[in-house]
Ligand SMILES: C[S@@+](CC[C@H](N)C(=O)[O-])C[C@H]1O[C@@H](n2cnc3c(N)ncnc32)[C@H](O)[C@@H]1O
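Next comes just one chain, in structure tokens: the form predicted on its own.
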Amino acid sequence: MPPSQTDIDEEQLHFSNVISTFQNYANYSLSANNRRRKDLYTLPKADQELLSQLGYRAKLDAVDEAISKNADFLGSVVADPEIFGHDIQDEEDHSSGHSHDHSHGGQHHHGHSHSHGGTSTLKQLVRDWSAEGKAERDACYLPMTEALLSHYSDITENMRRNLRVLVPGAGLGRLAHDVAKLGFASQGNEFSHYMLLTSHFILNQTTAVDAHTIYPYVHSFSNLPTSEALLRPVTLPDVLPSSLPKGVNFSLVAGDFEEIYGSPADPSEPHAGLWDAILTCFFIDTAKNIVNYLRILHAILAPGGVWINLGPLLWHWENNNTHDPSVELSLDEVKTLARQIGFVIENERSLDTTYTNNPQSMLGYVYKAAFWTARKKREGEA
């Protein structure tokens, strides 16, 4: 069904809001830091003097500088938004659409306000495209790619390009990129324009390793052991995004997972048909209706294919203020439901992992993420 004019208008407005969020990052972040400066001046002179001797005032100045550099980077991300076929206008923040965030335990971010869109994107960049994020990536992406290689261990490397792998909720695209790097035909799907614009910039407009420097930790002064932990730079990307095997098909499809993969697709579309593997990483809990998510995953998985899942169950729409429906199941209910829909779940285990965590912070949320591989039940299988 083609999108209605209302859908198109909402999409246009959401896109414009994302652009203006990136453009307004500096104003909001500098304003938050200036609040600290104003608070300093309310203290007794002797206290101000002591804090200045500690280097607090100099630290505030250094944070201003880091914010300006982050703003330059985010500005370059949205320097050419016409690639998405949108007209960009400055609009007020009436953000429709949602970007899902697992970065704070138990906190839900339905959409991004001006003040959070840029900071969240910077942390996602660390996770997906920096050497600093490698430990966190390896905890999540390695078990998934190893399971994929294990499932297709009888396929020679140069034949992997005939196997289609889907990564829904692809974020900034690193897992889908790593799958393509192994030689599989890989497609990521992502709804958030924050992620789509940024991944496009990294994947298509970045031509050197460590081409960019960001300061992802300057937005909160809490739980930091040193000033260096606050101000330290992170360079990215840690790999050349274009360094994929020759002839391997790699794509990112923008849009809602259920709308793109759930309805009978145009057979000529690259996202139509069956998938030899589906990798869901920190994704299934973004469902409003988990039944429909699992039904779609089952329908589009090829016979003999594999569904590989890793993630928690931080139901993103629980207690939402947008009047959206939300179904929230326990882990055992999700697995029972998956079996009822026709999956055979294998290789289950729990994996401890963080999500966009600052490794030098005094606080870190650890998810006991569920990991499994699953296949479609065969005809007549009990």
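In this text, residue numbers run from 1 along the sequence as written. Quick caveat: nothing in here was measured; it's all calculated off a predicted structure.
One more form of this protein, predicted together with this ligand, exists but is not displayed; see below.
*Asks:* Within 4.5 Å of this ligand in the predicted bound form, counting heavy atoms only, one of 148-156, 286-294, 208-216, 72-80 shows up; tell me which.
*Replies:* Heavy atoms within 4.5 Å of this ligand in the predicted bound form occur in 286-294.
*Asks:* Indicate whether the candidate residues 129, 133 and 237 are all in contact with this ligand in the predicted bound form, with contact defined as any heavy atom within 4.5 Å.
*Replies:* Not a single residue of the candidate spot has a heavy atom within 4.5 Å of this ligand in the predicted bound form.
*Asks:* Please determine whether residue 316 contacts this ligand in the predicted bound form, using a 4.5 Å cut-off between heavy atoms.
*Replies:* Heavy-atom contact with this ligand at 4.5 Å: present for residue 316.
*Asks:* Check residue 278 for me: does it contact this ligand in the predicted bound form (non-hydrogen atoms, 4.5 angstroms)?
*Replies:* Result no; residue 278 lies far from this ligand in the predicted bound form.
*Asks:* Does residue 305 reach this ligand in the predicted bound form, with heavy atoms at most 4.5 Å apart?
*Replies:* Because no heavy atom of residue 305 falls inside 4.5 Å of this ligand in the predicted bound form, the answer is no.
*Asks:* Decide whether residue 187 counts as a contact residue for this ligand in the predicted bound form under a heavy atom distance cut-off of 4.5 Å.
*Replies:* Judged by the heavy-atom cut-off of 4.5 Å, residue 187 is well away from this ligand in the predicted bound form.
*Asks:* Just to be sure I understand the contacts: of 233, 245, 273, 255, which is the one whose heavy atoms reach within 4.5 angstroms of this ligand in the predicted bound form?
*Replies:* Looking at the other structure, the residue within range turns out to be 255.
*Asks:* Note which of 241, 183, 169, 143 lies within 4.5 Å of this ligand in the predicted bound form, where distance is taken over heavy atoms; exactly one does.
*Replies:* Comparing distances to this ligand in the predicted bound form, the residue within 4.5 Å is 169.
*Asks:* Using a 4.5 Å cut-off on any heavy atom, which residues of 187-204 would contact this ligand in the predicted bound form?
*Replies:* Residues within 4.5 Å: 189, 190, 191, 192, 195.
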